[in-house]
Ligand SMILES: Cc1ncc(COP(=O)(O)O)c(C=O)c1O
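In the block that follows, a single chain appears as structure tokens, in the form predicted alone.
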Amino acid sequence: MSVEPRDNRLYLDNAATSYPKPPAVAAAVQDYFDTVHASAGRGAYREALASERVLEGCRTAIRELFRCARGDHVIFGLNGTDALNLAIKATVRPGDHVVTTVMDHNSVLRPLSALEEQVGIRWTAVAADPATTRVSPDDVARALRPETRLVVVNHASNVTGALQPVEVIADICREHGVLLLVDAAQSAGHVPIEFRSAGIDLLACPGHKGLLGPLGTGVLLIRAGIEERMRTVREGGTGSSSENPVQPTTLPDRFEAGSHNAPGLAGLRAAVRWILDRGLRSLREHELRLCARLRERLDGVAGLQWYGPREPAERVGVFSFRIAGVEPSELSALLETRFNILSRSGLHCAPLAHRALGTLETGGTTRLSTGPFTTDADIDRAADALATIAREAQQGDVAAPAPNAQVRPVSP
């Protein structure tokens, strides 16, 4: 893994989108433009058929990565948010109740809020442990009602990195006949997920984060048979059943209206193959080592507070910090202008999570997030920078960010 970020700038915002990508990703996208350049299902000529093979090759790789069973479906979307919207709006009906958690992202909270306003659904956000930000499965069970149709769980928090016990929650959902949707935006490509054996009904994730593919790609996994309980949320051309003015009932066409981002999916196929070649368990061991190293370096640093589980096995490589006397946006500016380290500060599109942490009204936190190309030396560099700023803050002499630094009170 020899890919180097440019200009000695240390990119630690992989929770937003992964960087760098494996070299094969850009090569696959370029090869698509050079040799394929056609829309799948829109012709019988060689290039159109080649585009179909790109899509099917990507589905095959994803099925292998997530250990899908025969009959489970791989649906492509615009991104993770699009996949979540499809899963939620295709399953929930007027009058239904949905259970989610305070750790969930606006990609879940906003669709639920819209459905509450538009069609009268109700939803409950289960609290998390204030120290670990993990959710108790018993609390999920207590939140269920007779009219509960869906439980949505953020597998790994994009704020604190906390991993939720999805397999235990899946058992509860099966016992009560409730569908389980897992938001794997921060866990897909980071931790092994066996889709069918874990008891998950629906799983949504972007292609551009832990899966290491291009932006503009998303995936929804649907357990075989669950599609019968779903309706379409958008309709249009599919290149199939064109004589019929209604959406095809066969999958994936039923949920994939319009032309695909085939260049992006070519890149995603290459990225997933890269993960499979290296082994997801090996990548996870690398991440666990980085988590342990950062904990070792930062525990006990005066004036620095960090959030979420301390045990590496209970988290992914997403860390949120606050330094006393330094606003989160200022901390990000300092990290960039003084240390060439890229982070993200603000509320991270997770307002209920920050409310639970007590950081909603104070600018949120500063987040660092690792990827497969992050090294031990990178962790040491980030830890040294944070410790230096914390020490200066304790002494009351933090150097100001450069005049051209972008300092925003709250990021969206």
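One rule holds for the numbers: they count along the sequence shown, beginning at 1. Because the structure is a prediction, the values reported are computed rather than measured.
The same protein also has a form predicted in complex with this ligand, omitted here; what follows describes it.
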property	result
Per-stretch contact check against this ligand in the predicted complex, the hit in 101-109, 243-251, 276-284, 334-342 (non-hydrogen atom, 4.5 angstroms)	101-109
Residue (of N261, S329, T148, N79) lying close to this ligand in the predicted complex, criterion heavy atoms within 4.5 Å	N79
Heavy atom within 4.5 Å of this ligand in the predicted complex - the one residue of L265, C173, A128, A185 that qualifies	A185
Touches this ligand in the predicted complex: L84 (any heavy atom, 4.5 Å)	yes
Non-hydrogen atom contact T160 with this ligand in the predicted complex at 4.5 angstroms	no
V25, heavy atom within 4.5 angstroms of this ligand in the predicted complex	no
Contact of A15 with this ligand in the predicted complex (heavy atom, 4.5 Å)	yes
Output flag, N154, P206 and K209 jointly within 4.5 Å of this ligand in the predicted complex, heavy atom basis	yes
